[in-house]
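Let's start with one chain on its own, the form predicted on its own, as structure tokens.
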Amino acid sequence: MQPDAFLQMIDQRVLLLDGGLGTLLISMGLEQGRAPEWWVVEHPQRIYQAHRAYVLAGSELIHTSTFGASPGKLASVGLEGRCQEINQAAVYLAREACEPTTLVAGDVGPTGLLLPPLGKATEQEIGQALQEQMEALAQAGVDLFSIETMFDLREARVAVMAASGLGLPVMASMTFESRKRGYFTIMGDKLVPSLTALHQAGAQAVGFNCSVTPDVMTGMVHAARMEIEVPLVAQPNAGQPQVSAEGIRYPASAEEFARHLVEMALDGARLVGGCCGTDPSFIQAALLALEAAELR
């Protein structure tokens, strides 16, 4: 897909994304602490089933199971030297689960390499790691890149520039938290300047995912929309995680989640979906709510 075609698509309608793939896989048996990328090769049918469930629920765009599939991240979980294999297999599974019109986004998360003062990595090292993963995703036939859950603007910019150089559309999200003085990443990056920088680096759509509840992300959408005119991405969690005897649970209901997604879309978000704790029932509820609000 060409970037201009992607912009035209999201200009015409709100695009419904998928939900929290990692937490869905955990509910399907993925062990806590086990990298989802292992299941790409060990249990490909379960990866397919997870993608397919989101497609059947109404997702128009699904993310490949490659959030941690950069070379260093793979090496840290025992998958060293398998970057191309894992990324290409993940794209195949996602594509198999899709309808003809469903978009497949190559999912790219933080590399795990930390820049100073927290680490000793350089932007060049991060760029090289991301380039290897992104080239594998592009060769396998993704429609676009989704760079997400970034917390350091420097790494996020490197990721966007690497993705933009491959000629596909790019959506880039960072994870922010609410503070008294506004919205910031844990590294202290401010919301609006960060999104502006990502757009200037080459992303067609920018936004936020993970970390916060739907009501907090509603405020983020409003704050961004007041200052920038760039297509916004919004993927909140299903509430704040709570530890129980059965494991981690997320308290928000599908209906509450869907109501907030509608608010975000009405306020200008063009790509909406979910992150941790949002299973296919949340996406189905969001589809019905968006249709009821005549946003689709």
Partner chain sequence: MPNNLSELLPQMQQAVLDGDEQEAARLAQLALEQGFAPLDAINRGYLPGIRETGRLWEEGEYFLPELVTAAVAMKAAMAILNPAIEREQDGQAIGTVVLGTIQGDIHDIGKTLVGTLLSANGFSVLDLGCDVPIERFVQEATQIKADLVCASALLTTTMLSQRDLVLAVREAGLKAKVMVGGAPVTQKWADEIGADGFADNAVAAVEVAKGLVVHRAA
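No experiment lies behind these values; they were computed from the predicted model shown. Residue numbers count along the first chain shown, from 1.
What comes next is about the form predicted in complex with its partner chain, which does not appear here.
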Would G188 count as touching its partner chain in the predicted complex under a 4.5 Å heavy atom rule?
yes
Is it the case that Q45, even though its partner is missing from this view, gets within 4.5 Å of its partner chain in the predicted complex, heavy atoms only?
no
Taking heavy atoms only, is P241 within 4.5 angstroms of its partner chain in the predicted complex?
yes
If you check in the predicted complex, is I248 within 4.5 Å of its partner chain, heavy atoms only?
yes
Students should find that, of G78, G167, P117, G81, the residue having a non-hydrogen atom no more than 4.5 angstroms from its partner chain in the predicted complex is P117
Could you tell me which of 216-224, 85-93, 180-188, 131-139 sits within 4.5 Å of its partner chain in the predicted complex, going by non-hydrogen atoms?
180-188
Does anything in 154-178 come within 4.5 Å of its partner chain in the predicted complex by heavy atoms, and if so which residues, in order?
none
